[in-house]
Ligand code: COA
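This document opens with one chain alone, in structure tokens, the form predicted alone.
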């Protein structure tokens, strides 16, 4: 039985190496509930080791990507009741695990396919994804200031890491919403596309990523993320070690394939296209 067959709040569709994970609470604009977070953590952990999954696409059912946290289920029903204290701690741990620690460090490429509203806590998993493509009409916002709180959890940190200082302050303090094209300008997402083209454009990128050497992709994304806050000296040592690790892990021998096809067979010219891969049988 597939690991996701009993999920109630998450849909999983696997096809040709691309796994689409859909938050499935459309009646609540896919606001995150304790049950959804538990299912998403289980899903992400399983997909890490799933040989059939080369790329993960994260989206939402209905007219929203994710409206943030379900305030009633998280704050009214869990807080203030000693009987729910243990559950509150567990659900807090689960939500931060899947939305940042596991998703940000996921070993395969991840794409946020933002099909509608993206508010509040949803910014954490938005930034944690490696790539983000949104519909032009997708609406983003941090409205917490309007009801007397800050963008909590890791939202403030994630938002500040993705955009420039002025935009982070402006949209956090004013609470103003913005749409896809503005999200591109500030660097929060990669592309904003016509609504009817969203799925097709995401799949074009996903198929391109799925065609690449998986160990080279894994090492590259780890190198970019790990060296962001390193000194030059630290980064230099890390990247030397990372390159050695890649040579050890890559069962396809990608570096040697590329060099051989370029120099010996003259069948490849380095440029915008990847080298023609001879895939390993067990990859």
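For clarity, every value in this text was computed on a predicted model and none was experimentally measured. Positions refer to the first chain, counted from 1.
What comes next is about the form predicted in complex with this ligand, which is not displayed.
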{"query": "Contact at 31, 72 and 117 by this ligand in the predicted bound form, all three, heavy atom at most 4.5 Å", "finding": "yes"}
{"query": "The single option of 167, 130, 191, 144 touching this ligand in the predicted bound form, heavy atom within 4.5 Å", "finding": "144"}
{"query": "Location of this ligand contact in the predicted bound form, chosen stretch of 99 to 107, 192 to 200, 117 to 125, 167 to 175 [non-hydrogen atom, 4.5 Å]", "finding": "117 to 125"}
{"query": "Residue contact check: residue 27 to this ligand in the predicted bound form, 4.5 Å heavy atom", "finding": "yes"}
{"query": "Residue 40: touches this ligand in the predicted bound form, heavy atom cutoff 4.5 angstroms", "finding": "no"}
{"query": "Residue 57, heavy atom within 4.5 angstroms of this ligand in the predicted bound form", "finding": "no"}
{"query": "Contact label in the predicted bound form: residue 36 to this ligand, heavy atom within 4.5 Å", "finding": "no"}
